[in-house]
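A lone chain, given as structure tokens: the form predicted on its own.
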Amino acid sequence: MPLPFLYETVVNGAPEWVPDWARDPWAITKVVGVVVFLYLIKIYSSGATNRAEQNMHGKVVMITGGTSGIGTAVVRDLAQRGAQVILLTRLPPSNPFLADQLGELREQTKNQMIYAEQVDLSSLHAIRKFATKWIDNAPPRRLDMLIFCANTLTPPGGERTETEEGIEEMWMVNYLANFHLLGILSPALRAQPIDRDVRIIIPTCSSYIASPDLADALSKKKWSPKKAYARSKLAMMVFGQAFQKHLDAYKRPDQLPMNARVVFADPGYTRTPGMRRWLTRGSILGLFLYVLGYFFPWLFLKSSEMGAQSILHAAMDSSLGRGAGGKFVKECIEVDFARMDVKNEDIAKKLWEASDKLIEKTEKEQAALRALEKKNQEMQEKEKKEAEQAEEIEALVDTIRKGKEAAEKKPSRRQRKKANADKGESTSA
């Protein structure tokens, strides 16, 4: 069918139903040129595809932020390759929405080894509770990979928000939660047998380049969503390099070299919920305009699946499992850091000490609050119990009193006998 049509078109010209503009070769050339140009832009903006392959069967992967965006794409790919995936989620596994999502992932990947553990990354107490439970096991649990995909941001123009523990939200979720979790899980990572390729993958983005210096405290007056987000990303990269040195300094009991490595990965600009929130400024009007002009985000931004490619490369490329750690992957190739202070040991030391002090201070305050809350709760329960006992005693006393009153009103046996005799005498008379 297409060949005869093309033949007739070439020999006799275009059919009558073809509009006039389409008969002009120059117009057709411009249309084809525009389509090809848009296609090339889309191919370029989609980024590189991961070509690394690795057998993931039997490997245990722990991931934050695995229920949306890039995290879900990473979970799906690793699960399809046979990995056992543990998602750290804010919601409990019993939540119906989370349970449905896990069931769908298991069905799509044909892998039943996908689990969820409740960990609120905005709470230091919740992180410590989970992590200490994880490492409190002999022998140490298997843990081959830790991927930090969890991320939060305040849209432009938004107000500074703090967690319930009083820490700025982006600093807590994007940096301090990971610092705290890695600090507690460090013994479990170092204790993995030498034949395992252990990796800590830290996704980041180019916003760290514009971050203010970590030595300069970001006060409430200087705070802005852009600065706070970029600063949290830079802090995570500085800490990642310092944590790699911390791992390298550990002497294994078997005297073999460290087999755990930190790898940074930049997924690029991607159509994630966070990016959508940033572009729409967190408003209904912004969301309406985003939907209206969706062609442009579709054209210039990666899909979640393509954004996951650099992270998957960092997880599976064999060359990253050899040699020194602390490498940076972007578009599935190793690149250099854009800032020299990422590897500055003095900055890393000050950041580590400040983070430790903040965690220690916050946990002491929260422990005191929890103790006070527990004491108040116990007092309330005691008062409630005493009130219930008082009500029971009062009800018992009231019952006894009513019984006595009823007994006083009711005539005695002698009185009833006398009354019956009097009644009999009156009747006989």
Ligand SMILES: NC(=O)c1ccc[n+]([C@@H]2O[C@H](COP(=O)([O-])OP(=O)(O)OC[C@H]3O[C@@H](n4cnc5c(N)ncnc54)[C@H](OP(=O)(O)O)[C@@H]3O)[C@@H](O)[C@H]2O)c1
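Note that the structure is predicted; figures quoted are calculated from it, not measured. Numbering starts at 1 and follows the sequence shown.
Here the subject shifts to the form predicted together with the ligand, a form of this protein not shown in this document.
Engineer: Given a 4.5 Å cut-off on heavy atoms, tell me which of 78-86, 137-145, 227-235, 338-346 is the interface stretch with the ligand in the model of the complex.
Structural biologist: Selected stretch: 227-235.
Engineer: Looking at N151, S211, Q192, T154 here, can you tell me which has any non-hydrogen atom within 4.5 angstroms of the ligand in the model of the complex?
Structural biologist: Exactly one listed residue reaches within 4.5 Å, namely N151.
Engineer: I'd like to check something about G158: if you look in the model of the complex, is any of its heavy atoms closer than or equal to 4.5 Å to a heavy atom of the ligand?
Structural biologist: G158 lies outside the contact set for the ligand.
Engineer: Answer with yes or no whether L185 is in contact with the ligand in the model of the complex, where contact means some heavy atom within 4.5 Å.
Structural biologist: No, L185 sits far enough from the ligand in the model of the complex that none of its heavy atoms falls within 4.5 Å.
Engineer: Decide whether D266 counts as a contact residue for the ligand in the model of the complex under a heavy atom distance cut-off of 4.5 Å.
Structural biologist: Looking in the model of the complex, residue contacts with the ligand include D266, since a heavy atom lies within 4.5 Å.
Engineer: Would A260 show up as a contact with the ligand in the model of the complex if we use heavy atoms at 4.5 Å?
Structural biologist: No, A260 is distant from the partner.
Engineer: Should the three residues M170, G240 and S355 be counted as contacting the ligand in the model of the complex, with contact defined as a heavy atom within 4.5 Å for each?
Structural biologist: No.
Engineer: Listed by sequence position, which residues of 193-231 have a non-hydrogen atom within 4.5 angstroms of the ligand in the model of the complex?
Structural biologist: The stretch touches the partner through P203, T204, C205, Y229.
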